[in-house]
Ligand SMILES: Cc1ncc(COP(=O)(O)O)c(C=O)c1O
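One chain comes next, on its own, written as C-alpha cells: the form predicted alone.
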C-alpha cells in the first residue's frame, strides 16, 4: 500500500473534505474529521466490488463466519476470548451509546465522562437529558492521567454510569493495565455500568498495548460494555458497522430489546464481507499503516520542535490524532481558529470542542500522506513565525 499517494477526495460526498470545502473553501487543507486519507486494503475493496457485481442489494444477515472472525481477532490481537452470544451489532457506536444511556439510566441520572474528551460522548449524555459529570484528566509532565481522587469527591447516588474512551481521543493515551484496574475498582465500588468506546483500539504504537476493559477482571466484565468497530483501523466509517460486546446476559438482552424497539436489525449489505476480509486478510496492511502513522507522528513532532516550538505536541501512544498545546501562542479560541483556518489555511479541531480543559489546544489528524502534513506545517510555520 502506498500511503504517500495523495488522493483527491472532493466531490465524493466526503464529510471530511466536501463539508469543509463548503464552510471554509477548497484552499483550506483540512485535518479535522477523524477519517484517513488512505485507500482501504485491497481485500476490502474487492469484497465491496463482488457485492456490487452480484447486483442484488437485498436485506442481509450476520452469518457464523462474521462472528467467528470477530472472536478470532479479539483472541489473537488482545488475548481476549469472547463468546459469540456476547456480540451485538449496531450501525454506529454513537447510536449504541445513546440507546444504552436510555436503557440503563433515567433522566437526571449522572453519567461520568472524562475531559478533555471526544465531544459526542459528552453530547450523548446532555442530549438524553442526563446529568453530565465531568472528570478532568490531569496533565503531568506531558502526559494525561486519570484523576479518580477528584472524581471521588463528586460521587453521589444519582451517578449510574461511566463512559470511557480507550484509547483516548483526543490525547492519544493508551490506558495501561494498572490504570484500568484502578478504574475498575472505582466503578465496582460505586456500582457503575461502564461503556468503553474502543474504536481506536487497533491504532497503537510500538511499546504500548490496548487492553479491552471487560478483560480486566471477572467482576468488571459483568458491568461493562465494550464498543468496537473496524471503521477506524481499516478506514471504512461509511460502511456504518460496529460491534457491541456485552458479556452480561441480562444487560445484553435489554440492549437488544432497545435495538429492536427502534428498528435496528439488518446490517449494511457491505458490512459482513468487509469485516470478514478486514479481520481475515488485512492484518499485515494494518501493521504497515501503524508504522506509517508512527513515522508521521515523528515527522510532525520533529517539525514542531525545530520550526514551531511554541506548539507543543502531547505525545500520543495510539490513535492517529495529535493533541497539541498552543497556549504559548497566547491567543483566545477565536484567534486560534482564525490563525489556523483563515490565515494558515489549515483546518483543525479547536480544543474547546473536547471540553473546557481543551482550551488552548488543537487536534490534528495525522492520517494523511506526509506531503499533506508537510504542506500544512509549512503554512502554519509561516503564519506563526510572523506573530510578534
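Predicted model, so just to flag it, every value in this text is computed and none were measured. Numbering follows the first chain given and starts at 1.
Another form exists, predicted in complex with the named molecule; not displayed. Remarks below refer to it.
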| item | value |
| --- | --- |
| The named molecule in the predicted bound form reached by all of 304, 340 and 377, non-hydrogen atom within 4.5 Å | no |
| Contact flag, residue 273 vs the named molecule in the predicted bound form, heavy atom cut 4.5 Å | no |
| Residue 169 within 4.5 Å of the named molecule in the predicted bound form, heavy atoms | yes |
| Distance check, residue 93 to the named molecule in the predicted bound form, heavy atom within 4.5 Å | yes |
| Contact of residue 289 with the named molecule in the predicted bound form (heavy atom, 4.5 Å) | no |
| Stretch from 140 to 148, 278 to 286, 93 to 101, 251 to 259 whose residues place a heavy atom within 4.5 Å of the named molecule in the predicted bound form | 93 to 101 |
| Residue among 122, 130, 173, 232 with a heavy atom within 4.5 Å of the named molecule in the predicted bound form | 232 |
| 162, 118, 213, 89 - the one with a heavy atom within 4.5 Å of the named molecule in the predicted bound form | 118 |
| Contacts with the named molecule in the predicted bound form - residues in 190 to 206 whose heavy atoms fall within 4.5 Å | 197, 199, 200 |
